Structures are given as C-alpha cells and as structure tokens.
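The chain below stands alone and is given as structure tokens, in the form predicted on its own.
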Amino acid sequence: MSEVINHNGKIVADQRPADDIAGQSPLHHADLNSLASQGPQTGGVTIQERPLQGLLNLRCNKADKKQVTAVKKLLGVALPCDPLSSASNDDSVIRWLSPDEWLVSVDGAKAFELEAAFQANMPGHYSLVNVSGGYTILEISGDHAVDVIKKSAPIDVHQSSFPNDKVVSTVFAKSGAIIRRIAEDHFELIIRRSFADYLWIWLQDASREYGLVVKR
C-alpha cells in the first residue's frame, strides 16, 4: 500500500499496488488482450473486462437529507433511491443494492481519493468499504447479448421489465452477479473474483453458437 491516512480515528488505506508492482485483474491469466487482437473480430456477442475498477460498498440513510446531499456533492450524481435503479456520470456509477446499500464504481486510481473524501465530508452514521479486490467487471454486448443473459440467469430481460439502468443481484450460471443494463443489447456484470475463472469459461461456452468477440 502506498498511503494510509487517518480521519478522526478512521483508517483509510490505498489498496492499489505500489508503483513497482503491476496490478492484475482476476482474469489476467486468460490474456484477454491477446484474444482481442488475435481472435475473431466479428460475432454476435462481445465480452470486455473492465479490470481493476474501484468498487466501494456504501451503506447510509436515504432519509437523511444531509447524507444524500453529501453523496451528490462527492460523486457528482444523486443517490438512486428507487429499488433496482442506478445513476451515473462520466466518473462514477451508483447501483442500488438494498434500501440502505449501494455499490459505487470509479476508476481504480480514484478509489482511495474518493474513500478519503467520504471519511472527511460524509455526515452521520454510515459505512463505506472498499471491496475492489474482491470483484471484477465484465461487459456483454452485441445482437445476442440478451440470449447469453437468458441462458445464464433466471430473470426477465425484456426491455419492458428490464429497462436501461436497471440493476439486479441474481443467480448467474450457478454463481452470482450484479447485472446492470447499459443499453438494449449491452449489459454489465459485476462478479466475484473467486468465480471469475468459472464464469469466463461459462460465457465462452454460452456465446459459442453466436460467435464470440473479445474486446480490449
């Protein structure tokens, strides 16, 4: 860890590797960059990992106007309070997980700065935990992205039931995932590090009949 700071007794540690250590995503060994450059360039399903993103689990009181105001000021986007919703801007995404719980993603290099800013400026009783190391983010897009989701999760992905920006936590291929719809044929999956290998193999198989493209 390159830095540790103390805000009124609250320790905030920078979880990024030091500059002389290369950070590796849970799918580093799959060498997705080589697959992207050497594999098929057209197909019905495109998969892209968003490696080493900063993920912060936030628990606070949506009825506390001071906390809601502070979150908007810190993240530049209002806390989504409707069930299964999300909100985003160019720098961050906030996903509703439960009535008092949200998952925030930012660029990995900004996670420590954001956590420190919360500790310094967030009023009242709340919890903010950096869970970046336990997950990775995959994006699935393409004409048959919906078909892959249908194969993998017991959820209704029709646009009328699962509109853009909706978020669900669900069983996914006997594992689990937090799924957000980005566009009609574009989904984001947040998956646990410990299941990344298994789900990568699953997604390759589930996409085989449609043609799989790996994107950098």
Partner chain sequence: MLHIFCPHCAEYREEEEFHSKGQAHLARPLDPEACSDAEWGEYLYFRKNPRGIHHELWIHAAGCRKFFNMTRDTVTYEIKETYKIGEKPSVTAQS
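Owing to the predicted nature of the structure, the values given are computational and were not obtained by experimental measurement. Positions refer to the first chain, counted from 1.
Missing here is the form predicted together with the partner chain; even so, the following discussion is about that form.
Residue-level contacts in the model of the complex: of 36, 168, 189, 70, one residue has a heavy atom within 4.5 Å of the partner chain, and it is 168.
Listed residues 101, 143, 113, 91 were compared with the partner chain in the model of the complex; 101 is the one with a heavy atom within 4.5 Å.
Residue contact with the partner chain in the model of the complex: residue 59 places a heavy atom within 4.5 Å of it. In the model of the complex, the partner chain sits within 4.5 Å of a heavy atom of residue 96. The closest non-hydrogen atom of residue 182 lies beyond 4.5 Å of the partner chain in the model of the complex. Of the heavy atoms in residue 74, none are within 4.5 Å of the partner chain in the model of the complex. Counting a residue when any of its non-hydrogen atoms is within 4.5 Å of the partner chain in the model of the complex, the hits in 68 to 84 run 83, 84.
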